[in-house]
Ligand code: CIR
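Quick setup: one chain, the form predicted alone, written in C-alpha cells, and binding and motion questions come after.
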C-alpha cells in the first residue's frame, strides 16, 4: 500500500436511531439523549465532509440501538470489504443490514466464517492490520479475520488488548504512518514497538480513540490536554463533542467505515 493508511475519500455512516439511548455500555454513566447523540453525529458527518470524503449516510435502524456504530459489523479497504461477526449477541443482525450496501459498493465482499470479531478491535496501519483480542474479538475470530485479510492482500497481526478495555481502539489511534496515540496502559504492553508513541495525559484516556482523516485529526473536545499536546506536535486538530456517545462506550472511529475508493 503506497498511500497513507489515513488517506480516505469515502465513508459509510448510519444515522442514530431513537433507541440509541438503550445502547450497550460496560458501566453506567447515565443515559445519552437521542438529541445529543444526533447532534454529535451530525457534527461528525460534517467534519468528514470538510476533510474531503464522500459520505454515504444510511438510515437509522430502530431495532438495533448500537447500529450507529457501523465500524463493528464490517471492515472496508480499497481491495474489498469483510462482514464480521460481532461479539455482542444483540448486534449480530447488524451484519445483515449493512451487507447489501457493501455488496453494492465493493467488488469483493468476504464473510468471517467463524469466531467473533468487532471492527473496533482492528487498527489499520501502513505495514499491517492489527487485530486486538478482547471480550468482543476471540482467538478463533481473529485467526479467521487474518485469513480473510490475506485474501485481500493485507498483512495482519494479532495483539492483546489490556484487561477491562472494551476494544483495542478504545485505547489507541493512528496519527500518521509512523505515530500512534495511545493510553499508557496499552503502550506499556509493547504492541507499538515499531511506532513513535504519543501518550494520552492521565485522566483523559477516552481521548485515545481519535481519528486521523486526510489532513486532520478528529479528537473529543472534552480532552483539552490531549488537544494541546497534538496541536503543539503540529497536527491539525478538529475537536468534536463526544460526551453523549461516550456514555455508551463509543468514540470517533466507531461511527464510520472509511476507505480509499478507486472507483471515484
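Note that the structure is a prediction, hence the values are computed from the model and not measured. Numbering follows the first chain given and starts at 1.
Only in words, not in the display: the form predicted in complex with the ligand, which the text now covers.
Please run the contact check for residue 66 against the ligand in the predicted complex: heavy atoms, 4.5 angstroms, yes or no?
Result yes; residue 66 sits at the interface with the ligand in the predicted complex.
Any chance residue 21 has a heavy atom within 4.5 Å of the ligand in the predicted complex?
No, residue 21 sits far enough from the ligand in the predicted complex that none of its heavy atoms falls within 4.5 Å.
Would you classify residue 249 as touching the ligand in the predicted complex, given a 4.5 Å non-hydrogen atom cut-off?
Within the cut-off, so yes.
So in the predicted complex, does residue 132 come within 4.5 Å of the ligand, heavy atom to heavy atom?
Contact with the ligand, no.
Please pick, from 74, 149, 123, 166, the one residue with any non-hydrogen atom lying within 4.5 angstroms of the ligand in the predicted complex.
Contact with the ligand in the predicted complex is made by 166 alone.
Within 4.5 Å, heavy atoms only, one stretch in 53-61, 233-241, 199-207, 66-74 touches the ligand in the predicted complex. Which?
It is the stretch 66-74.
Taking the ligand in the predicted complex, which residues of 127-147 have any heavy atom within 4.5 Å of it?
Sequence-ordered list has one entry, 136.
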